[in-house]
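To begin, one chain is listed below as structure tokens, in the form predicted alone.
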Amino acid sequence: MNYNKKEIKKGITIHNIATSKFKTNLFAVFLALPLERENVTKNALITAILRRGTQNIQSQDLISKKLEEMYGASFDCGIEKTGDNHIMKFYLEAINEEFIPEKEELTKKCIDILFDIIFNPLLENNGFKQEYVESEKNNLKQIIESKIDNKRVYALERCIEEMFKNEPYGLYRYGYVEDLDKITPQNLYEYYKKLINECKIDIFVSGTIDNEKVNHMIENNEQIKKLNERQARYNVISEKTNQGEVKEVNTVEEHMQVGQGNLVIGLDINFQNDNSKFIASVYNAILGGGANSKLFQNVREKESLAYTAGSTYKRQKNVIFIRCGIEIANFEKALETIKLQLTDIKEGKFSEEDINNAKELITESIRGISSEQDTEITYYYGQELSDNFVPLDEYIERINNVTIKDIQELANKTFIDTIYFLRD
């Protein structure tokens, strides 16, 4: 595997991942924007509208037909929240030209269609097509309203919202129902033009590719040529380590008709050195990263206080979320047992085996990154956003270099910020 990147215009970078592991080529475009309350709903809506049709291919059915003619190529898109950045994601996957019977410029067709969808939307009356806007507003309304249906996911979202109140990361990635009525095809298109002018654009090509040839295709694409006068004002907000004061714990209880309680605890990591992200990853794995973790073994197995017990490290914000599904009556006991696990790690009450299990869990995950094209692209895009490129082999090495002392130091700079409990 060979990775390199090239800035072709202000704020537009091509990333080439040359790999012969797959029979497909994957093309991805990421538009990075600031997470802002006034625009979060518009971003989610635009992502959905763009897939509906372009000036050249005027409906989703016609796009699907074109892709089918390209040996069953597939397109997908979505919106993600990465740190304080809002990311619009577009993917097109197609079989490698080596495996098609006749000589055909399939790579060029893929690039042309993908860029047409993103940069050449179908318009009417100086705005997006009214029918598509109304349809996608209804779809988005359903997505936003249905977040309450999955109580486990809802509890995590609510904990994030409480922990990052009045901060960009506290915003819901799909936006808010109350914004939808104010959006028209015309004002949304005006915003889209500003977005395309100012966002950071990253173009990824993964597969058996000739870098020079594919870069030439991209640079000479009609839609890319039109982006000559971009302002490219947005520089992504890279990973930050918290150095704030320790706050009083914020405890939030929410009542709803639920069969089991959902407990989410947000931990703030106030620790920084060159390896803090790697140390935090190992700390999280020991705490709640798998079946060998302290949360799983003690809260779930030994004390039988939880149906599920684990934790997730959010690298971009340097926070950890502990998540447990519990009997509502077990809340106090479960909270006490979780706090005991945090104290034990602070006091060094964990073994060499705990560290080795944690490191193995992480390194296996890192080794698996290059076995899937979209996962590999996501990793390299994450490195781009962090502004601190670490190759996969170096990542594993830095994980393996983490010591007991490192983990204890970080544990003693890690504090409970928010306790959120969803109960009946």
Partner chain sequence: MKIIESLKIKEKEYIEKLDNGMTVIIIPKPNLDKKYVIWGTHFGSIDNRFIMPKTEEEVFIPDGVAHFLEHKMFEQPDGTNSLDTLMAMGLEANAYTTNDHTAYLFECTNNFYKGLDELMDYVQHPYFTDENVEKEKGIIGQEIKMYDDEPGWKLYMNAMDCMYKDNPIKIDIAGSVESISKITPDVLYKCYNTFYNPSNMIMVVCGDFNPEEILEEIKKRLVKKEEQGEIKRIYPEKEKEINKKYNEVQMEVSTPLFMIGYKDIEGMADKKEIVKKHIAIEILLNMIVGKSSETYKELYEAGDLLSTPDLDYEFSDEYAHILISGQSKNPQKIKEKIEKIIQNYKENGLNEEHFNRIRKKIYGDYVVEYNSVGDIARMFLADKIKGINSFDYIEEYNTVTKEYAERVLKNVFKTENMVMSVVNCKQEK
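The term rigid core refers to the most C-alpha atoms you can superpose between the two forms while keeping them within 1.5 Å. All figures in this text were calculated on a predicted structure; none of them were measured in a lab. Numbering follows the first chain given and starts at 1.
Keep in mind the form predicted in complex with the partner chain is missing from the figure; the text below concerns it.
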Counting any non-hydrogen atom inside 4.5 Å, which residue from Ile338, Leu287, Val205, Ile326 sits next to the partner chain in the model of the complex? Ile326
Contact residue in the model of the complex, from Asp181, Asp274, Glu352, Glu98 (heavy atom within 4.5 Å of the partner chain): Glu98
Stretch from 182-190, 222-230, 83-91, 145-153 whose residues place a heavy atom within 4.5 Å of the partner chain in the model of the complex: 145-153
In the model of the complex, does each residue in the set Leu31, Asp112 and Lys413 place a non-hydrogen atom within 4.5 angstroms of the partner chain? no
So in the model of the complex, is the partner chain close enough to Ile57 to count as touching (4.5 Å, heavy atoms)? no
Is Asp344 part of the interface with the partner chain in the model of the complex - any heavy atom within 4.5 Å? no
Going by a heavy atom distance of 4.5 Å, is Leu385 a contact of the partner chain in the model of the complex? no
Wondering, does Glu69 line up within 4.5 Å of the partner chain in the model of the complex on heavy atoms? yes
Residue by residue through 329-365, which ones have a non-hydrogen atom no more than 4.5 angstroms from the partner chain in the model of the complex? Asn357, Glu360, Leu361, Glu364
Taking the rigid core as the reference frame, is the Cα of Tyr176 displaced by 2 Å or more between this form and the one not shown? no
Inspect the rigid-core superposition and answer whether the C-alpha of Glu104 shifts by 2 angstroms or more between this form and the one not shown. yes
Return yes or no for Ile95: a CA shift of at least 2 Å between this form and the one not shown, with the rigid core superposed? yes
